[in-house]
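First, one chain by itself: the form predicted on its own, in C-alpha coordinates.
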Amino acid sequence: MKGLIKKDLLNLASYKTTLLILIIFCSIGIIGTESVTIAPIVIATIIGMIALSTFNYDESSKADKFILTLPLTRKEIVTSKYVLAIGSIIIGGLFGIILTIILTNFINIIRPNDLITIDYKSLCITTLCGMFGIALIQSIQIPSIYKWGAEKGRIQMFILLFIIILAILGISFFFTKFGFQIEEQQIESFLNQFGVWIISILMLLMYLISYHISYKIFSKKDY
(Lines give C-alpha, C1' and ligand atoms only; values in the text may rest on other atoms or scores of the structure.)
Protein backbone atom coordinates (compact mmCIF):
# COMPACT_ATOMS: atom_id res chain seq x y z
CA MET A 1 0.00 0.00 0.00
CA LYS A 2 2.93 2.33 0.64
CA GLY A 3 3.94 1.83 -2.97
CA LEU A 4 0.49 2.93 -4.16
CA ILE A 5 0.63 6.10 -2.08
CA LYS A 6 4.16 6.78 -3.32
CA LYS A 7 2.95 6.33 -6.92
CA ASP A 8 0.17 8.87 -6.38
CA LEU A 9 2.55 11.34 -4.72
CA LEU A 10 4.95 11.05 -7.67
CA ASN A 11 2.05 11.76 -10.04
CA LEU A 12 1.08 14.79 -7.96
CA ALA A 13 4.63 16.15 -8.10
CA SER A 14 3.72 17.82 -11.40
CA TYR A 15 1.39 20.11 -9.45
CA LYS A 16 4.11 21.58 -7.22
CA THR A 17 4.60 24.69 -9.38
CA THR A 18 0.85 25.28 -9.69
CA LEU A 19 0.44 24.80 -5.94
CA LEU A 20 3.27 27.23 -5.18
CA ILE A 21 1.74 29.89 -7.46
CA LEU A 22 -1.69 29.44 -5.85
CA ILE A 23 -0.20 29.75 -2.36
CA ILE A 24 1.64 32.95 -3.36
CA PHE A 25 -1.52 34.52 -4.81
CA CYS A 26 -3.47 33.34 -1.76
CA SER A 27 -0.89 34.98 0.52
CA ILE A 28 -1.03 38.24 -1.42
CA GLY A 29 -4.83 38.22 -1.25
CA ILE A 30 -4.81 37.53 2.48
CA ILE A 31 -2.32 40.33 3.17
CA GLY A 32 -4.37 42.71 1.05
CA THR A 33 -7.72 41.88 2.67
CA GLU A 34 -6.38 40.96 6.13
CA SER A 35 -8.71 37.93 6.10
CA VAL A 36 -6.00 35.74 7.56
CA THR A 37 -8.39 33.03 8.79
CA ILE A 38 -9.32 31.99 5.24
CA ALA A 39 -5.84 30.59 4.53
CA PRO A 40 -6.49 27.14 6.07
CA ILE A 41 -9.75 26.80 4.11
CA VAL A 42 -8.16 27.82 0.81
CA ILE A 43 -5.05 25.67 1.23
CA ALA A 44 -6.97 22.60 2.44
CA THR A 45 -9.37 22.94 -0.49
CA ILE A 46 -6.59 23.27 -3.06
CA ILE A 47 -4.53 20.33 -1.77
CA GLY A 48 -7.63 18.19 -1.18
CA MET A 49 -8.87 18.68 -4.72
CA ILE A 50 -5.42 18.09 -6.21
CA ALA A 51 -5.27 14.74 -4.37
CA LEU A 52 -8.38 13.60 -6.24
CA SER A 53 -6.64 14.15 -9.58
CA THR A 54 -4.74 10.88 -9.01
CA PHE A 55 -7.86 9.09 -10.28
CA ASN A 56 -7.44 10.88 -13.62
CA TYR A 57 -3.88 9.60 -13.91
CA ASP A 58 -4.94 6.05 -13.07
CA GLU A 59 -7.84 6.13 -15.52
CA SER A 60 -5.86 7.58 -18.42
CA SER A 61 -2.98 5.14 -17.95
CA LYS A 62 -5.22 2.12 -17.20
CA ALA A 63 -3.21 1.70 -13.99
CA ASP A 64 -5.85 -0.34 -12.16
CA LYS A 65 -5.45 -3.25 -14.59
CA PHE A 66 -1.73 -3.40 -13.80
CA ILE A 67 -2.16 -2.80 -10.05
CA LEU A 68 -4.61 -5.69 -9.78
CA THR A 69 -1.91 -8.05 -11.07
CA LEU A 70 0.25 -7.19 -8.06
CA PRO A 71 -0.02 -8.99 -4.69
CA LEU A 72 -2.45 -6.40 -3.38
CA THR A 73 -6.04 -6.75 -2.27
CA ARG A 74 -8.77 -4.46 -3.56
CA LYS A 75 -9.28 -3.24 -0.02
CA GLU A 76 -5.66 -2.07 0.12
CA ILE A 77 -6.06 -0.25 -3.20
CA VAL A 78 -9.16 1.61 -1.98
CA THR A 79 -7.58 2.27 1.42
CA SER A 80 -4.55 3.91 -0.20
CA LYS A 81 -6.81 6.42 -1.96
CA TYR A 82 -8.55 7.34 1.28
CA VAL A 83 -5.26 7.63 3.16
CA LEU A 84 -4.08 10.06 0.48
CA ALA A 85 -7.38 11.99 0.51
CA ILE A 86 -7.54 12.32 4.30
CA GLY A 87 -3.83 13.10 4.51
CA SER A 88 -4.21 15.86 1.92
CA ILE A 89 -6.80 17.82 3.91
CA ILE A 90 -4.90 17.34 7.18
CA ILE A 91 -1.68 18.61 5.58
CA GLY A 92 -3.62 21.42 3.88
CA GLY A 93 -5.26 22.47 7.15
CA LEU A 94 -2.01 22.39 9.14
CA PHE A 95 -0.12 24.24 6.42
CA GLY A 96 -2.92 26.81 6.27
CA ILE A 97 -2.69 27.41 10.03
CA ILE A 98 1.10 27.83 9.80
CA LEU A 99 0.67 30.20 6.84
CA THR A 100 -1.92 32.19 8.81
CA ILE A 101 0.46 32.61 11.76
CA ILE A 102 3.35 33.62 9.48
CA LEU A 103 1.25 36.13 7.52
CA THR A 104 -0.27 37.61 10.68
CA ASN A 105 3.19 38.16 12.19
CA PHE A 106 4.36 39.66 8.90
CA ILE A 107 1.42 42.08 8.81
CA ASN A 108 2.01 43.03 12.45
CA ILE A 109 5.68 43.74 11.73
CA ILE A 110 5.01 46.03 8.76
CA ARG A 111 2.05 47.66 10.51
CA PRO A 112 2.84 47.77 14.26
CA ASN A 113 0.22 50.43 15.04
CA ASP A 114 -2.73 48.19 14.14
CA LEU A 115 -1.92 44.70 15.36
CA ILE A 116 -3.97 41.63 14.43
CA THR A 117 -4.63 39.15 17.24
CA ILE A 118 -5.23 35.52 16.34
CA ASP A 119 -7.98 33.67 18.16
CA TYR A 120 -6.47 30.20 17.92
CA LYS A 121 -9.64 28.40 19.02
CA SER A 122 -11.66 30.19 16.37
CA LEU A 123 -8.90 29.52 13.83
CA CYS A 124 -9.02 25.78 14.59
CA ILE A 125 -12.80 25.68 14.21
CA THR A 126 -12.61 27.66 10.95
CA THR A 127 -9.95 25.28 9.69
CA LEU A 128 -12.05 22.24 10.62
CA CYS A 129 -15.08 23.75 8.86
CA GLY A 130 -13.01 24.14 5.70
CA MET A 131 -11.68 20.60 6.05
CA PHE A 132 -15.24 19.37 6.57
CA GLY A 133 -16.31 20.98 3.29
CA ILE A 134 -13.57 19.36 1.24
CA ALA A 135 -14.06 16.06 3.13
CA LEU A 136 -17.71 16.12 2.05
CA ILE A 137 -16.67 16.63 -1.57
CA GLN A 138 -14.10 13.82 -1.36
CA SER A 139 -16.57 11.48 0.35
CA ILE A 140 -19.04 12.00 -2.47
CA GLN A 141 -16.63 12.09 -5.37
CA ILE A 142 -14.48 9.03 -4.63
CA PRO A 143 -17.37 6.52 -4.72
CA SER A 144 -18.74 8.36 -7.77
CA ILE A 145 -15.42 7.96 -9.56
CA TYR A 146 -15.25 4.27 -8.73
CA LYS A 147 -18.79 3.86 -10.04
CA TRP A 148 -18.80 6.00 -13.19
CA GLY A 149 -15.16 6.94 -13.85
CA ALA A 150 -13.28 10.20 -13.29
CA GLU A 151 -15.22 12.38 -15.74
CA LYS A 152 -18.76 11.08 -15.17
CA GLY A 153 -18.09 10.75 -11.45
CA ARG A 154 -17.25 14.45 -11.27
CA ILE A 155 -20.53 15.33 -12.99
CA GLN A 156 -22.50 13.08 -10.62
CA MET A 157 -20.77 14.74 -7.67
CA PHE A 158 -21.76 18.23 -8.82
CA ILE A 159 -25.36 17.10 -9.29
CA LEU A 160 -25.44 15.65 -5.76
CA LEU A 161 -23.81 18.77 -4.27
CA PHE A 162 -26.38 20.91 -6.10
CA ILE A 163 -29.16 18.83 -4.52
CA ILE A 164 -27.55 19.24 -1.08
CA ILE A 165 -27.30 23.01 -1.55
CA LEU A 166 -30.95 23.17 -2.64
CA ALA A 167 -31.93 21.15 0.44
CA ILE A 168 -30.01 23.53 2.72
CA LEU A 169 -31.60 26.56 1.05
CA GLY A 170 -35.02 24.91 1.35
CA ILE A 171 -34.54 24.30 5.08
CA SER A 172 -33.34 27.90 5.52
CA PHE A 173 -36.41 29.20 3.65
CA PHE A 174 -38.66 27.00 5.81
CA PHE A 175 -37.18 28.43 9.01
CA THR A 176 -37.51 32.00 7.71
CA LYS A 177 -41.04 31.48 6.35
CA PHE A 178 -42.44 30.13 9.61
CA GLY A 179 -40.62 32.57 11.86
CA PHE A 180 -38.05 30.25 13.38
CA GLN A 181 -35.11 32.30 14.57
CA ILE A 182 -31.65 30.99 15.24
CA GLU A 183 -29.44 33.08 17.48
CA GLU A 184 -25.98 33.43 15.96
CA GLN A 185 -24.44 33.91 19.39
CA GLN A 186 -25.92 30.62 20.58
CA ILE A 187 -24.57 28.83 17.51
CA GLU A 188 -21.15 30.40 18.00
CA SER A 189 -21.13 29.47 21.69
CA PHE A 190 -22.20 25.91 20.87
CA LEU A 191 -19.50 25.53 18.22
CA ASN A 192 -16.85 26.90 20.57
CA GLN A 193 -17.77 24.23 23.12
CA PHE A 194 -18.49 21.21 20.95
CA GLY A 195 -17.61 22.25 17.38
CA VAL A 196 -14.25 20.46 17.18
CA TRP A 197 -15.68 17.15 18.38
CA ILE A 198 -18.85 17.32 16.30
CA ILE A 199 -17.07 18.24 13.06
CA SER A 200 -14.34 15.62 13.63
CA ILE A 201 -16.89 12.86 14.30
CA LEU A 202 -18.98 13.85 11.27
CA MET A 203 -15.88 13.80 9.05
CA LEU A 204 -14.92 10.37 10.37
CA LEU A 205 -18.43 9.02 9.72
CA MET A 206 -18.48 10.50 6.20
CA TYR A 207 -15.17 8.88 5.30
CA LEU A 208 -16.18 5.52 6.80
CA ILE A 209 -19.46 5.43 4.87
CA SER A 210 -17.75 6.62 1.70
CA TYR A 211 -14.99 4.02 2.12
CA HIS A 212 -17.42 1.13 2.50
CA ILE A 213 -19.38 2.27 -0.56
CA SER A 214 -16.20 2.65 -2.63
CA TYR A 215 -14.88 -0.76 -1.58
CA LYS A 216 -18.20 -2.41 -2.36
CA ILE A 217 -18.23 -0.85 -5.85
CA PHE A 218 -14.55 -1.58 -6.57
CA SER A 219 -14.72 -5.17 -5.30
CA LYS A 220 -17.43 -5.96 -7.89
CA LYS A 221 -15.76 -4.13 -10.77
CA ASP A 222 -14.22 -6.10 -13.63
CA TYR A 223 -11.25 -4.88 -15.65
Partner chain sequence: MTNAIDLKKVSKYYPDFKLQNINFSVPKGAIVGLIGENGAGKTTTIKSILNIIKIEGNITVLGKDHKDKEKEIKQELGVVLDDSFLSEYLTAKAINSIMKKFYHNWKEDQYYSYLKKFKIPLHKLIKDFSSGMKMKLKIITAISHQPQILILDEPTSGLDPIVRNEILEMFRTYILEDETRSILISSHITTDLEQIADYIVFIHEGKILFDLPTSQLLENYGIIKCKEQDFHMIEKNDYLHYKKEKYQYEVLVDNKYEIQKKYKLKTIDKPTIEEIMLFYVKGEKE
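Residue numbers count along the first chain shown, from 1. In this text, all values refer to a predicted model and were calculated from it rather than measured experimentally.
Note that the form predicted together with its partner chain isn't included here; everything after this is about it.
**Student:** Considering non-hydrogen atoms and a 4.5 Å limit, which listed residue (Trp197, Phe66, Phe174, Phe162) is close to its partner chain in the predicted complex?
**Tutor:** Checked against the cut-off, the match is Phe66.
**Student:** Just to be sure I understand the contacts: of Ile28, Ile155, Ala167, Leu70, which is the one whose heavy atoms reach within 4.5 angstroms of its partner chain in the predicted complex?
**Tutor:** Only one option qualifies, and that one is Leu70.
**Student:** Using the partner position in the predicted complex, report whether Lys216 sits within 4.5 Å of its partner chain, counting heavy atoms only.
**Tutor:** Looking in the predicted complex, residue contacts with its partner chain do not include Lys216, since no heavy atom lies within 4.5 Å.
**Student:** Quick one: is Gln193 in contact with its partner chain in the predicted complex, heavy atoms, 4.5 Å cut-off?
**Tutor:** No - in the predicted complex, heavy atoms of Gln193 and its partner chain never come within 4.5 Å of each other.
**Student:** Considering only heavy atoms, tell me if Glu76 and its partner chain come within 4.5 Å of each other in the predicted complex.
**Tutor:** Yes.
**Student:** Give a yes or no for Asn11: in the predicted complex, does one of its heavy atoms lie within 4.5 Å of a heavy atom belonging to its partner chain?
**Tutor:** Yes - in the predicted complex, heavy atoms of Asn11 and its partner chain come within 4.5 Å of each other.
**Student:** Within 4.5 Å of its partner chain in the predicted complex, counting any non-hydrogen atom, which residues from 1-16 show up?
**Tutor:** Heavy-atom contacts to its partner chain in the predicted complex: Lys2, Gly3, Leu4, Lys6, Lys7, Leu10, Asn11.
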